Ligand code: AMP
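The chain that follows stands alone, in the form predicted on its own, written as structure tokens.
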Amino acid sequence: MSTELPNVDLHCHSTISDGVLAPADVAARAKANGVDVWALTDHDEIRGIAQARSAALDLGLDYVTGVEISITWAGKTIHIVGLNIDETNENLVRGLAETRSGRERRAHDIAAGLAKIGIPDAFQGALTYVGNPDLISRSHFARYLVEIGVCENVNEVFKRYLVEDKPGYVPHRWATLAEAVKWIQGAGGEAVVAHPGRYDLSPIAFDAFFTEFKSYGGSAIEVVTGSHTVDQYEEYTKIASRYGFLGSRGSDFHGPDDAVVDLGQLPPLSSTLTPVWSKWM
């Protein structure tokens, strides 16, 4: 990317949620990859922020507090990233705790579904990949299924076993869109729709979602992300402009073996968009 622009990566994960590296190790990898401004955005969890901030300070890396909140909208799971938040905000802390609840029960149900098709002991197998037992997730099951040779990679596991209408899929009722945006704004942050290109929504549903998100005060969408194709960079640049959203950029890095795009390795945002980080930089 241009040397005149900061290399900003505002979406990645650590062992505090479903990543494979500790927060300090994610910081070190970001720095080694040339990232200038970095946010750790673990799923529904802020306990890695102190470690991440300390590591970033030691490395001379500009750090932005972040979190990725799971919501349910129109029966679909969607993720909302909160950036530049106050992680001590009581309503945010309480809301995230409520959102995390029920994950262990869901994990047992996922394991039961896999057992029915001849994959036993998946819960215990997934636990070996869990850094934070409160946040056992589909990614942990996916890594276990790769380990035992059921699939060659994590993406294949999701497609064959862990998405809707597959044997290991178990729906979960997360926070509402209104709640997530309220928690983020109450903590002084910016609400960002994570990787919108991943969601199976019709154009009409997307319009309703983006309109509702904006009505609550949501300010940005991820445009350049490791979860988008190159064609989607342009598509969501246009969508951001159409709705008046700021643009965000983040790899969605979970680990070296899972990464479609490594930390800091994405192209820059289009110059036609105002970046979300202009709110605090």
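This one's a predicted model, so the numbers in the text were calculated from it and none came from an experiment. Residue indices: 1-based, along the sequence shown.
Unshown form predicted in complex with adenosine monophosphate (AMP); subsequent notes refer to it.
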One stretch from 151-159, 181-189, 126-134, 94-102 that, in the model of the complex, holds residues within 4.5 Å of adenosine monophosphate (AMP) by heavy atom: 151-159
Residue contact check: K166 to adenosine monophosphate (AMP) in the model of the complex, 4.5 Å heavy atom: no
Partner contact for W174 in the model of the complex: adenosine monophosphate (AMP), 4.5 angstroms, heavy atom: yes
4.5 angstroms heavy atom contact with adenosine monophosphate (AMP) in the model of the complex for H228: no
Adenosine monophosphate (AMP) in the model of the complex - contacting residues of 184-212, heavy atom within 4.5 Å: R198
